[in-house]
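There is one chain below, alone, in structure tokens, taken in the form predicted on its own.
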Amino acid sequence: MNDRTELSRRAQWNAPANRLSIVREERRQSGARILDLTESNPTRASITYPLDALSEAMERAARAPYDPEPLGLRSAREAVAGEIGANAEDIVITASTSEAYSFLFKLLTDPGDAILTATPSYPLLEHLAALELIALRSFPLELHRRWEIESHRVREAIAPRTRAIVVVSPNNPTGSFVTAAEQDVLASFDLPIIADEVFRPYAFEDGAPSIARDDVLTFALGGLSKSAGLPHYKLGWIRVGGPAHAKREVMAALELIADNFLSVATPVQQALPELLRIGATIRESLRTRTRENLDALTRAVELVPAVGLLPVEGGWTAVLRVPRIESDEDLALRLLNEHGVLVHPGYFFDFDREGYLVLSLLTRPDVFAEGVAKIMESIRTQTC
């Protein structure tokens, strides 16, 4: 009898933990202090939440009867439309951005097809693509004065079975928006565009327009997790754009997909108009936090010539360019072992070479300042 369970090839179910995760867990279990500069959960970032207002909104919504609407309750779709300046008929409510990706991959691809995305990038897409049995191809963002999308790089990466282009605007971790000109470049390839815009409310500069076009199919993603700092409320959305006939076909297909899951809880949909209003105050607190930490990081980097802060236009992360004396993983391990500072090495985000660290701007300011000071001192000592 075979005592080994045969699992599908959709994911690396038993992938080994990386060295950084192992050391972090060892420190945690030993009670050693960790200055965590990777924190991405706003509910753990010492942000003040209006808990009474949130509780009252959800208490009222809990009385709503169950009346499933595959695309989302009309009131919820209208609330999102009002928030982002769209038409409620173009909105699909989902339980999360990850579910939105899953729905769109089901809509646009068959097993063995491919989607195209930019690197560096957050590793979530790799796992979501694997779960749908599709390939993830990539083109590199080019760093000049800013991180840019170049037409020839996209063209070179498109394969016969490429079915969609995915962009994150602003990108995680580079913080670069997809400009209007770059949107035109992407549209020229006549492939559907999936635009993850969850960090769009967090622009340090002017940002860029939302990706909602009439010439090609576009799917702009957002949700409460980032825009309202409410990841535990589990609600996201898709804004569908494109030619009218294509939109009608797509909305009908998405309704069929969503009808097989009906995953979005009624109370959070019912409360959504209030949650979006309350979320505006949380969002302002998060904006203040990320700006404060970015300013502190800018000042710290100016004192250490060996370290560079790469351009960041928005989002919750910043990228440091550091000397390539050792691998990014070895540097991250040394910072954790010797100084108790936890950062992400660049390879976590598919940077194409060594010399990058990624920091979360969401971190509590005192922890962030202390951790950054230790990073700068370590690199200063190493390069003297």
Ligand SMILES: Cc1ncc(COP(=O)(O)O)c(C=O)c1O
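All residue numbers are counted from 1 along the displayed sequence. Note that the structure is predicted; figures quoted are calculated from it, not measured.
The protein also exists as the form predicted together with the ligand; that form is not presented, and the subsequent description refers to it.
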| property | result |
| --- | --- |
| The ligand: the contacting residue among 92, 271, 80, 168 in the predicted complex [heavy atom, 4.5 Å] | 168 |
| Of 172, 293, 218, 117, the one that lies within 4.5 Å of the ligand in the predicted complex (heavy atoms) | 172 |
| Among 109-117, 93-101, 274-282, 255-263, the region lying within 4.5 Å of the ligand in the predicted complex by heavy atom distance | 93-101 |
| Touches the ligand in the predicted complex: residue 210 (any heavy atom, 4.5 Å) | no |
| Close approach of residue 139 to the ligand in the predicted complex, 4.5 Å, heavy atom | no |
| Partner contact for residue 198 in the predicted complex: the ligand, 4.5 angstroms, heavy atom | yes |
| Partner proximity in the predicted complex: residue 225 to the ligand, non-hydrogen atom cutoff 4.5 Å | yes |
| Members of 115-146 lying within 4.5 angstroms of the ligand, judged by heavy atom, in the predicted complex | 122 |
